[in-house]
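Here you get one chain, nothing else, as structure tokens; it is the form predicted on its own.
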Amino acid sequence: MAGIDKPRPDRTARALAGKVRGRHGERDLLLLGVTAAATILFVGNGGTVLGGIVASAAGLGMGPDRLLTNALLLNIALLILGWRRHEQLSREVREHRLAEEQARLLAETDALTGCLNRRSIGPLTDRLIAEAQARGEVTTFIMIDLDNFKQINDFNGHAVGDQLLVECARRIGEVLPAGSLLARLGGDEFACVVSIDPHRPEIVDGLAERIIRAVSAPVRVGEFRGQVTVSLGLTRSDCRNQLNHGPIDAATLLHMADIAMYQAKKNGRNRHLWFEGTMESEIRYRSELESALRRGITQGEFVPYYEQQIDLRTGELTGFEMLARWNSPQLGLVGPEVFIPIAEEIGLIGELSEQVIAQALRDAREWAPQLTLSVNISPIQLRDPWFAQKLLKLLVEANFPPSRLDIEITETCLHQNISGVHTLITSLKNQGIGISLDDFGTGYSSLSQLKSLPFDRIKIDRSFITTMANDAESETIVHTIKSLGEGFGLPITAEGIESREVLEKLQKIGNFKGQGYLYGRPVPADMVNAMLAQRDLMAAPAAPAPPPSPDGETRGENRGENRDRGDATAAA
């Protein structure tokens, strides 16, 4: 019922424990009184009874009075009972103190790693700041975040991920100086708090480098073999509070170090950065960008643009590569280099990509049937076990032939999850979809991977193509990739053709498909359709169905004739 405060389980337990302690207290008080009375009686009767026993033993009397003897024995029994109860109470007090200590540890430490937790690191940091100020020192807060931990956790399982966190905590703790604090804030985030001489900030820089080296050393946990890198954000208690201009406390230090850590990740990961005031404005801008991106997906602001793909030998148009653009009312036309990394980090790349691919399939359906559509796939999407089914669903909804679709997978994806990529490629190939290895030459793929994975095409990274005119090494690399493709029976696409000189060099090397600004920049669907209409490369409109004859049959000499015509139309 509204207005009734229902007791919480912890409150109920405390109330019940209080009642039990009250009943025990009453019983213990009564026992104390009985024990005290027994002690007095023992002292009073003990001399008489014991004296009688001694006299009787010496043959000088009749022995002690039986009643007094029984009373003495009762006194002794009560004294023994009181002593045992005293021992029991002492044991209960010790157990109670031990339970309280364990409860405190559970509340203040991380159960997995044994480090402090987010709840306890704040008060302890504030205390350390005050103690450091009294000694003339400053307190440094270090935020540590494992790079790509979610990917390792997803691929190897949570048990391996937990063991990896324990090992990383151990390595970090080993390099920290005495008196430092180490906490696990949650997930793969750790925090260190260290007091230093304010005139020797290089001490913390050296500590940060030692943490990075310690964690990134090769690790073997379960089935996982490899390295883990970390990004660090640092700040000091004597810096000016540029966030809210109030006093520096643990919460402020954590916030500033977190911002610096994010910037370290943004700048390439596996490094450390000190907090600077300008970082706050960048974080605020990113937060606004995130909100706008989420809103843009729901409102359909992301649209496909298309870049021409040309047969360099004949000069004929063979298809288009789809490139996503963000048509934002506030920001204008935004390129993928801005929003793709953010969408990947916040887990929206799948929804965004599927939305744009669906529109691209509807657009490409209107082109001539010999024109293909190439689509880039994010490495994040390759981790989705249902991606192949989602893509096939989009093809069916758009009524687009799988044979006209080409999926581009970057070379760097291969070393991250080779078995998962192999399964995905095989599934897509079985449906007739083409698979290209994108950005070839910049990743870590080996000849064995090219042999084992059923790729249909290799795309040379644009960094080699754009520099061919003035760089002999780039031209040699292109020659080598072309020979490699011929050896594996894989056609080659060169992206980044921006000059006539580069085009002529490629034509001398061999047969390529090519794309680049020499043939035009990516354009939206309406401009593509206008260009294709001029070249008579739009799909022929479907012939309208003939009206029914008065007798209920379609017009024609007979039903068989019309059925044959229908079959011919479908085949076309």
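Given the structure is predicted, the values throughout are model-derived calculations rather than measurements. Quick note: we count residues from 1 along the sequence shown, nothing fancier.
Here the subject shifts to the form predicted together with a small molecule, a form of this protein not shown in this document.
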Sort through 391 to 399, 224 to 232, 492 to 500, 277 to 285 and report the only stretch with a non-hydrogen atom within 4.5 Å of the small molecule in the predicted bound form.
492 to 500
Is there a non-hydrogen atom of residue 340 within 4.5 angstroms of a non-hydrogen atom of the small molecule in the predicted bound form?
yes
Counting only non-hydrogen atoms and a 4.5 angstroms cut-off, does residue 364 reach the small molecule in the predicted bound form?
no
Looking at the partner-bound form in the predicted bound form, is residue 466 within 4.5 Å of the small molecule by any heavy atom?
yes
Touches the small molecule in the predicted bound form: residue 191 (any heavy atom, 4.5 Å):
no
Run the contact test on 323, 381 and 462 with a 4.5 Å heavy atom cut-off to the small molecule in the predicted bound form and return yes or no.
yes
Which of these residues, 318, 113, 376, 355, gets a heavy atom within 4.5 Å of the small molecule in the predicted bound form?
376
307, 406, 258, 147 - the one with a heavy atom within 4.5 Å of the small molecule in the predicted bound form:
307
